[in-house]
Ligand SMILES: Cc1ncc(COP(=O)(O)O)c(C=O)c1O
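Below you'll find only one chain, the form predicted alone, shown as structure tokens.
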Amino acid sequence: MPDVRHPLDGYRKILERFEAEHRLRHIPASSEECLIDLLSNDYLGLGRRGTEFTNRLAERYPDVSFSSSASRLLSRYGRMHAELEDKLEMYYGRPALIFNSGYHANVGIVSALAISGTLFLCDKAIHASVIDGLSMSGADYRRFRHNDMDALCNAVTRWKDSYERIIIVTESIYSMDGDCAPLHRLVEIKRSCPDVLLYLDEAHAVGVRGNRGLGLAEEEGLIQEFDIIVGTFGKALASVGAFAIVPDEIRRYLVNTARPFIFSTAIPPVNCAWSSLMFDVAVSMEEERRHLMELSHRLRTGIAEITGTLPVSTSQIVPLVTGDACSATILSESLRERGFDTLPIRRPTVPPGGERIRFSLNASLSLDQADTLLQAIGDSWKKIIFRQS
């Protein structure tokens, strides 16, 4: 009797392989446990304080709509979007354009900029949304070793005469290792070649770095040196959506060519109003930004003492690499038992051997809680080392 096959069998086999490799993912369920959150990107703790600002939102925008119901190009209900973009332009000194998410922004901008005569040079650790935008558009691109400015400089020298423009794409703070791009070196490379444009994804730096929380480019006094800056409202600013800071001609070009902008229903005006309020609050949170960096330093040095390896992080994102998915899962479960909410990060988010726990710190965490976390990590690490040996 012939084998009976089902059209879903191929997918089932892939799921079975994921499970055998300890990397079958599930959407985390809500928990009634009182756990300290080290998962989310609520770096300033604003998401935990949302109810403090709801009355202020109602007072400032009493008639704000809860639905946009159309793309911005097909609706006249865009006053809140325009006001938010005006506020961003005031802070950054250049025009802004709002997107529905950081993913939408990167896919839309990159694919729109991929016209003939363009080469993208991308850091190997760049976010998947950039790679998806490049792939979908069929763009010419090369990837250089992570944060290797010599390799990047060599690539610019090699290719500059073959293309009309080279767009260098990096992040300011990288989401898996928490390390930062060498922004001054990037600017030096740009200045050495007039055909270079700099594209900086500040998703994990907005709200967290700089005197006003505008990002790492602000902290290093380089905002005007980057041609395209992408930021997000959905992380430290406790809202939803993203924005691009660009020259006026690029903004007008994206309005006409960026498909996620053209073909997506716009973010509801109420979300723009909330983002505007959260931005105003975040600008003044200098003490929280300082505290966040102190927490990061304490956790990094503590992990180095426990594991013998200093994390490369220089930000509020602090990884602890376990080297395999099973160990990452064990560490996550052990920390949960001690009251800390973490989850393992596994392939394909990180390469084989890069499995880890990523601690996303937030300004609501106290130094005493950080010390308690380090004690829990130390106790759990002994179990992992014993298992691996």
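The numbering used is simple: start at 1 and walk along the sequence shown. Just so you know, these numbers come straight off a predicted model, no measurement behind them.
Although it is not shown, the form predicted in complex with the named molecule is what the next lines describe.
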property: Stretch in contact in the predicted bound form with the named molecule, which is absent here, among 260 to 268, 210 to 218, 233 to 241, 151 to 159 (heavy atoms within 4.5 Å); result: 233 to 241
property: Of 300, 291, 190, 127, the one that lies within 4.5 Å of the named molecule in the predicted bound form (heavy atoms); result: 127
property: 144, 103, 279, 92 - the one with a heavy atom within 4.5 Å of the named molecule in the predicted bound form; result: 103
property: Contact flag, residue 227 vs the named molecule in the predicted bound form, heavy atom cut 4.5 Å; result: no
property: Contact test in the predicted bound form: residue 171 vs the named molecule, heavy atoms, 4.5 Å; result: yes
property: Residue 203: touches the named molecule in the predicted bound form, heavy atom cutoff 4.5 angstroms; result: yes
property: Residue 137: touches the named molecule in the predicted bound form, heavy atom cutoff 4.5 angstroms; result: no
property: Members of 40 to 76 lying within 4.5 angstroms of the named molecule, judged by heavy atom, in the predicted bound form; result: none
